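Encoded as structure tokens, the following chain is the form predicted alone, with no partner shown.
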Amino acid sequence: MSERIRVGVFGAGGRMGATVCDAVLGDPELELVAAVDPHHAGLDLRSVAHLDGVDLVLGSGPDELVRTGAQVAIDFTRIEAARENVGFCADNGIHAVVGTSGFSDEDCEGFRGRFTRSNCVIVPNFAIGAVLMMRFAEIAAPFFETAEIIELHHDQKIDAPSGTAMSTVSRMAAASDQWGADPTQNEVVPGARGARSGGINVHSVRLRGMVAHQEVLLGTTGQSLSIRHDSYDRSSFMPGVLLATKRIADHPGLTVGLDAILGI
């Protein structure tokens, strides 16, 4: 058996970070060697993240990755912290697998220049099914004249539409610019038709009990096509996270999105 990949996790004390730690611990090809969270520094990861079979103390900063010899760092934190974490990885030759959202084009350009000794992948949505949904919608776009997107999330999500919805719109609009005009002449309630971008209407739903869901509806003469993906739990993102962690060494520099990791 080949040597296991040594992994560190930023934000390990948070809900997503704890889920990542659990997934890494359960993968025989990976070894969790570092857990970083300044809000829980000095505490035992087992008690903070409610995990069994782990004997790690949470570190206060990224130096913990260097001390433990981590080869890959996984980041699900806030954008301010993630910028620092990812930059640290670039400067110290550590691969970075990033699920934090909010990076600007300027951020990405900066990372392209900095990741010369290691690699980085920034992924808006690690759910493999969601990535395939976007790809399928992109393929279907040229064959339909009308399309609408409904994205549904939990009631704590502060941005609308979601990043996944906007990425889907961008890819569909790039694949086809032949979208029919919106026939609505009288909006009884302002905003009833959602927001229009690239010729495609997007609708955002926020409901308690949901996690992350999206449906792409396409229509043409005499037929329609519905492409839907549902994430019911944070665990839905873990197969994509683990896959990126194992394959990042084969993707030089900066990669944005999971598509290249999946080979689609």
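Just count from 1 along the sequence shown to find any residue number. We call the rigid core the largest set of C-alpha positions that still match within 1.5 Å between the two forms. Here the structure is a predicted model, which means the values were calculated and not measured.
One more form of this protein, predicted together with another copy of the chain, exists but is not displayed; see below.
So which stretch, 99-107, 189-197, 112-120, 77-85, is the one near another copy of the chain in the model of the complex (non-hydrogen atoms, 4.5 Å)? Within 4.5 Å of the partner lies stretch 189-197.
Considering non-hydrogen atoms and a 4.5 Å limit, does another copy of the chain approach Leu30 in the model of the complex? Outside the cut-off, so no.
Give a yes/no on whether Arg67 approaches another copy of the chain to within 4.5 Å in the model of the complex, heavy atoms considered. Outside the cut-off, so no.
Is Ile158 part of the interface with another copy of the chain in the model of the complex - any heavy atom within 4.5 Å? Flag for Ile158 set to yes.
Heavy atom to heavy atom, is Cys89 within 4.5 Å of another copy of the chain in the model of the complex? Contact with another copy of the chain, no.
Counting non-hydrogen atoms within 4.5 angstroms of another copy of the chain in the model of the complex, say which of Ala73, Met172, Ala147, Ala165 makes the cut. Of the candidates Ala73, Met172, Ala147, Ala165, Ala147 is the one lying within 4.5 Å of another copy of the chain in the model of the complex.
Hey, which residues along 222-244 are within 4.5 angstroms of another copy of the chain in the model of the complex, non-hydrogen atoms only? Gly222, Gln223, Ser224, Leu225, Ser226, Ile227, Arg228, His229, Asp230, Ser231, Tyr232, Asp233, Ser235, Ser236, Pro239, Leu243, in sequence order.
Determine, after fitting the two forms on their core, whether Asp63 shows a C-alpha shift of 2 Å or more between this form and the one not shown. Not so; Asp63 is displaced by less than 2 Å.
Once the two forms are fit on the core, has Glu109 moved its CA by at least 2 Å between this form and the one not shown? Comparing forms between this form and the one not shown, the Glu109 CA shifts below 2 Å.
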